[in-house]
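First, one chain by itself in C-alpha cells, the form predicted on its own.
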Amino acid sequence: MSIRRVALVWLLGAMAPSLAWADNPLIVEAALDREVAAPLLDAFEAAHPHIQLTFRDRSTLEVDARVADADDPPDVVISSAMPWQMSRVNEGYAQRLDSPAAQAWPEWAKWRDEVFGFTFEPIVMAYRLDLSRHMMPPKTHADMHTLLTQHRETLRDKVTTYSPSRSGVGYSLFQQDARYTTRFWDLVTAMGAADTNLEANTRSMLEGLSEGRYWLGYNLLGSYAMVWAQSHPEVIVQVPQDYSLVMMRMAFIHRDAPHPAAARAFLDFLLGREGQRVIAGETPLFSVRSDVVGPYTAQRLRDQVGERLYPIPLNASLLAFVDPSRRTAFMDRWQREFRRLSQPAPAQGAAITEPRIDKSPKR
C-alpha cells in the first residue's frame, strides 16, 4: 500500500466521528425562553458544531401536546410543567439514558434514568419599586394575603398571577401552594376580590409590571424575573421568606426521537460539568451539580434561603396532580374561591369561565 493511500485511510478514519455527526439535526421542544437559555444553547453548539440545533420555544401545554404527535416527534422534550412531564414519561414516551452523566446524576433530580431535572429555579413574587409609596411590599405569603385584604381597593386590577387553566406550570405551582399553607384558599379568595389579572406566562406579568399596569405579581418563575429585573430597575424580585417553592425543568429523550445520538449528546451536555457550569455562571436557571461554582447554583440558593426552600419532588407523586378527577376538583374549587367575593355565584348548571385570562399561547 502506498504512503499516499495509507495517509488517506488514516485521514478518513480520523474524520469518521465528525462525518457521523455531519449535518445531523436535533429538534428540541422546550418550555424555556430562548433569551434565557441562549448561553447554554450557544455553548452546546460550540461544543458540537456538526449538530444543527432547532430549538422551539413553546408554552408548557403546547410542548405537552407535541409529545404525542406520532407523525413528527421531537428528539428532546423540556418543560417546567413537572406533573405533565412525569405523566408523559410514565406513559412510555421517554427512552432511558445510559451514560456516565446520567448514572452520576442525583437521585432526587431524576426518575428511572429517563427524565432529569437539570435546573433549580425559585418561585418568586415581584413588585414595582414605587409600591412602597403606598404600602409595605410583601416578603411572605402571609404578607401577600394581608395586602390584598387591607389594600383591596388600592390594588384592584393591579395584581397578577398565573392562570391555572392556561398554564401547566401555573397550575402545578398552585397545587404545591395548597400543600404547604392552610391559608392558600383564603389567598385565592383575596386575589379574586381584588380583580387579580390571570396571565398565561411570566413574561406577560413582567411586562405589565414594567408598564405600570400591575403593581404586584405572585408566583413568577424566578429565572425569568431575575433576568428581567437586570434591565428593568423598576421591578423588584422577592424570594418569599416564609417558604419558596423550587421548580426543576425536566428533560427527556423522546422514545421515537428521529436523531437519538444527537439527543443523547444534548442531554449529556445539560447534565455534564460544562453545561452545568454555563447554567451556574451565565443563566439564572440555577445549576443542580455541586461541583460547579457561580452566582446561580442550587447550593448557593440553599445557603441564602436555608430550610425555607421547598423543591417540588421529582418522583411519581407528581402523577396525582394531573389525575383528571383531581384536576377537575381543584379547578372547580379555584373558580368558586376566586369568585367568592368578586361577584354573585352563577346559577346552577350555568357555564363557568375564568375571568381576565391572557389569551397568548405562552407559559
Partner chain sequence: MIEVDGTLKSRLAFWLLATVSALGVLLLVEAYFSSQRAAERAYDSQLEAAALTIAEAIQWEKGQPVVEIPSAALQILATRHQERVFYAVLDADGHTVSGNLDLGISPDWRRRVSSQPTWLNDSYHGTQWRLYGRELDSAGWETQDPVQIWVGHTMSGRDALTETLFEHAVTRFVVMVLLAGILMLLAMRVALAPMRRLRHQLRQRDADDMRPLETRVPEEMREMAETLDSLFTRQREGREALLRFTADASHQLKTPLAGLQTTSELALKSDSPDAWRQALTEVHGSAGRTSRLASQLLSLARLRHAVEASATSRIDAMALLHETTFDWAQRDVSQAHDIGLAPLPAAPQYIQGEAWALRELLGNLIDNALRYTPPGSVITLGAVSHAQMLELYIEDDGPGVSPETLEHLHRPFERGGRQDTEGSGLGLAIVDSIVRRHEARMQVESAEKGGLRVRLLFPYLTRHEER
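Residue numbers count along the first chain shown, from 1. Quantities reported herein were computed from a predicted structural model and do not represent experimental measurements.
There is also a form predicted together with the partner chain; it is not shown, and the following applies to it.
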Original post:
Counting only non-hydrogen atoms and a 4.5 angstroms cut-off, does Gln299 reach the partner chain in the predicted complex?
Top reply: no
Original post:
Is there a heavy atom of Pro49 no more than 4.5 Å from a heavy atom of the partner chain in the predicted complex?
Top reply: no
Subject >> in the predicted complex, Arg133 touching the partner chain (heavy atom, 4.5 Å) >> reply: no
Original post:
Is Lys110 close to the partner chain in the predicted complex, meaning a heavy atom pair under 4.5 Å apart or at it?
Top reply: yes
Subject >> Position in contact with the partner chain when the complex is considered in the predicted complex, options Ala65, Val305, Leu319, Leu53, heavy atoms within 4.5 Å >> reply: Leu319
**OP:** Let me know the one among Thr140, Thr154, Asn90, Ser210 whose heavy atoms come within 4.5 Å of the partner chain in the predicted complex, would you?
**Re:** Asn90
**OP:** Pick the stretch from 191-199, 82-90, 69-77, 155-163 whose residues have a heavy atom within 4.5 Å of the partner chain in the predicted complex.
**Re:** 82-90
**OP:** Would you mind checking 302-335 for residues with a heavy atom within 4.5 Å of the partner chain in the predicted complex?
**Re:** Asn315, Ala316, Ser317, Leu319, Ala320, Phe321, Asp323, Pro324, Ser325, Arg326, Ala329
